[in-house]
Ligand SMILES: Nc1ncnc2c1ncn2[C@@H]1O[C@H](COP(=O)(O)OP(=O)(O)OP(=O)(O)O)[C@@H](O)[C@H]1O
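Just one chain follows, in the form predicted on its own, and it is written as structure tokens.
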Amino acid sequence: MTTILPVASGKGGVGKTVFTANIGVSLARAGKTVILADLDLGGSNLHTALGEKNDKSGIGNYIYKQERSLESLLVETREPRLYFIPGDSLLPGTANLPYFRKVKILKELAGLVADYVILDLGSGSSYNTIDFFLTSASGILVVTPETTSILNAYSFVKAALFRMIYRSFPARSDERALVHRFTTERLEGTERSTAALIEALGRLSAEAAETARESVRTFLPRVVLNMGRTQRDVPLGAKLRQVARKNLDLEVEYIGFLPHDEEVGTSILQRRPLLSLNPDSAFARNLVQVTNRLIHEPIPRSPKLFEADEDLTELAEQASF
């Protein structure tokens, strides 16, 4: 069975693309067949992190109907079992993806044959990015231990959850109209929590409220804290969980604590994944823990409640600096 792993970030500059490239290499070296798809529309650069030439047809060609399928875009990389679907950098202007093309891409992603299809998404909370993120209920969000990163990550998770609830109802339904009003109209003094949205849906019907609750139960985003320097970064990183739990009644799970590593910058300059350049680097050693987590638990089975953020603390304690 193919596992789709969308990787996103609330803001740029947090190392999302570097993480995507290296986790792809790591999974391939663990014996998995992996496809990396560059879906950062309007800003694709996964080829740089992979060290691949940008001279092949990519997503842009597919969007403009110059290629017939996503499968026809597959490129072999220098890493055995690792394949790559280039982005749109040869054909700029694809950021505003037509809806029908997005739907076609979503359907074809599910039909790709591999152990893992990993999506490198654009930063921010556009509908295109969020809809690609929602190809899995357990997408990966890369954050750094900075207040701006945590706040933007929370905004992304909130937007994704409300979008998931919106898409849980039929088109042109009263429920969709209510969710749309709830998320777009700015009413002073109106609470914008998940509980308030479910209460509003409940006034339409008990079934609508239960549908929304089920969306919350099944949405289990996972977080990788990148560029950590010391265990003192744990409380700031844990803020995302606290605010998501308080305002959205949502659990997030931390699956990685990756240390700040000067060799990451070197790998970008040399256009080689750090796992290829130096598999013994601090970043690479800790990435193996994330890899093992993804292999043994590709989809979380149920929310895990960590009242004192024991999972993130343990990851930081295990990290090699």
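Each residue number is its position in the shown sequence, starting from 1. If you're wondering where the values come from, they're calculated on a predicted model, not measured in any experiment.
The same protein also has a form predicted in complex with this ligand, omitted here; what follows describes it.
- When this ligand is considered in the predicted complex, residue 283 lines it closely, a heavy atom lying within 4.5 Å.
- With a 4.5 Å cutoff on heavy atoms, residue 250 does not count as touching this ligand in the predicted complex; it lies far away.
- Contact annotation for residue 272: none of its heavy atoms lies within 4.5 Å of this ligand in the predicted complex.
- Using a 4.5 angstroms threshold between heavy atoms, residue 60 stays clear of this ligand in the predicted complex.
- Of the candidate stretches 50-58, 285-293, 261-269, 66-74, only 261-269 has residues whose heavy atoms lie within 4.5 Å of this ligand in the predicted complex.
- Along 210-243, residues 226, 227 each place a heavy atom within 4.5 Å of this ligand in the predicted complex.
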